[in-house]
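What follows is a single chain, given as structure tokens, in the form predicted on its own.
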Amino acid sequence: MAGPLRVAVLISGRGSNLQALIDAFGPKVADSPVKIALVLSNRPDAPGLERAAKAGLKTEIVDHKAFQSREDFDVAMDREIRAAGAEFVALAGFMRLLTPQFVTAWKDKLVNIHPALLPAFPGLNTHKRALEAGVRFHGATVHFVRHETDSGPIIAQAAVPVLSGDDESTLAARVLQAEHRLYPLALRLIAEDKVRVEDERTIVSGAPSADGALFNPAPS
């Protein structure tokens, strides 16, 4: 790939995953394979905008409340993304459903991070549902976005143990730590041309393979 991958990061809230991307690929990082070309929020009061501004990144606000339809909102976002010269879009806590038109326009150039091991627990309240289901592992997934909510070819996943004393808060914190490592990893793989989609599955080449098995409880 000629030059770094120019990415627009879409946020709605505090921007903790955005901060992980800034730490990995921000203006102060030499020879980064990713350039954050834009941080865009649908909420004018999103704390993540302050993180972006502090890092010297370009920011834009496209307030969804100013539009009568989802289609008009997505068109306005698309316009800002392209005006910034972005060629790829990363959703990082962006809490708006995207229209099929937007998803199609950015197919295989639009990724999301979800706090669960997809296809398990799509949608909201993933930590609560994981605890109720009694699973021994939970985690996070980075995937290409498709029309159906939290669907699309999986790029990378991180698994964390569910401990006996966990509540939603402690489990969420453990997953979030994994997210902060996983999202930069996935974007780096994409920027280095190590990820391709074939028959709605991703093929990752040139990256170390996972080894061994995880157990919870651990064998004695």
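Residue numbers run from 1 along the displayed sequence. Keep in mind that what you see is a predicted model, and the values were worked out from it rather than measured.
Note that the form predicted together with glycinamide ribonucleotide (GAR) isn't included here; everything after this is about it.
- Within 4.5 Å of any heavy atom of glycinamide ribonucleotide (GAR) in the predicted bound form lies no heavy atom of Thr202.
- Interface membership of Leu176, defined by any non-hydrogen atom within 4.5 Å of glycinamide ribonucleotide (GAR) in the predicted bound form, is confirmed.
- Proximity of Asp150 to glycinamide ribonucleotide (GAR) in the predicted bound form: non-hydrogen atoms within 4.5 Å are present.
- For Arg14, a non-hydrogen atom is located within 4.5 Å of glycinamide ribonucleotide (GAR) in the predicted bound form, even though that partner is not displayed.
- Site annotation in the predicted bound form: the residue of Ile113, Leu98, Ala86, Met77 reaching within 4.5 Å of glycinamide ribonucleotide (GAR) with a heavy atom is Ile113.
- The stretch in contact with glycinamide ribonucleotide (GAR) in the predicted bound form, judged by heavy atoms within 4.5 Å, is 113 to 121, chosen from 69 to 77, 113 to 121, 129 to 137, 100 to 108.
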